[in-house]
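Single chain ahead, written as structure tokens, the form predicted alone.
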């Protein structure tokens, strides 16, 4: 039983070592998957939370429900081009002719960036009515307003343009108009997170 017994014991111990090694390897793989999943979910959660906090902070500071907007058309050229990002601020100051405002129209989701060309104050209520026009358009915006609406009221106006970054908004436009680019970008970022070594 000497040589055969030693061989059997050796095989048993080798199998046990291999099983333990495989178990440890499997544990390492599962641990790695858990860490990667935690990074993906944790980082994404941190990014989303940070973005929301920054956005809400900007809303409080600027007084605008949408402190940053992207110019989507050429109606304000040559001043603002398609793809420019505008920074908005909304204060209690009266709106004046010549100011560039961003406004929402009842029944439309996308805000519009145009210049105020006429301000009309109602004598009976003191409310201000505003007429707008795109710098690159021939006529005023009454055709864009809701049916029967001749002027914008203050509640339609989201904010006044106080600054801009040229062309930075093209990222948003491209991802909206060509969704495949958005999916490729998200996939590439996911791969980057998975393959990065912290």
Partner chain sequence: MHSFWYRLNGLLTFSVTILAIMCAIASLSDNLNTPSPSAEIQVMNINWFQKQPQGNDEVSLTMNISADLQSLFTWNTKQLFIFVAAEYETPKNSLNQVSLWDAIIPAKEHAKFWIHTSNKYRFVDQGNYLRGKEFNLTLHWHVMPKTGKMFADKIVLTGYSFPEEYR
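Residue numbers count along the first chain shown, from 1. Bear in mind that the values here come from a model prediction, so they are computed numbers and not experimental data. We call the rigid core whatever largest set of C-alpha positions still superposes within 1.5 Å between the two forms.
The discussion below concerns the form predicted in complex with its partner chain, not included here.
In the predicted complex, none of the heavy atoms of residue 108 sits within 4.5 Å of a heavy atom of its partner chain. The shortest heavy atom separation between residue 93 and its partner chain in the predicted complex exceeds 4.5 Å. Its partner chain in the predicted complex comes within 4.5 Å of a heavy atom belonging to residue 151.
In the predicted complex, its partner chain sits within 4.5 Å of a heavy atom belonging to residue 115. Although its partner chain is not shown here, in the predicted complex the stretch 121 to 135 places heavy atoms of 121, 122, 123, 129, 133, 135 within 4.5 Å of it, in sequence order. For residue 118, the Cα coordinates differ by under 2 angstroms between this form and the one not shown after the core has been superposed.
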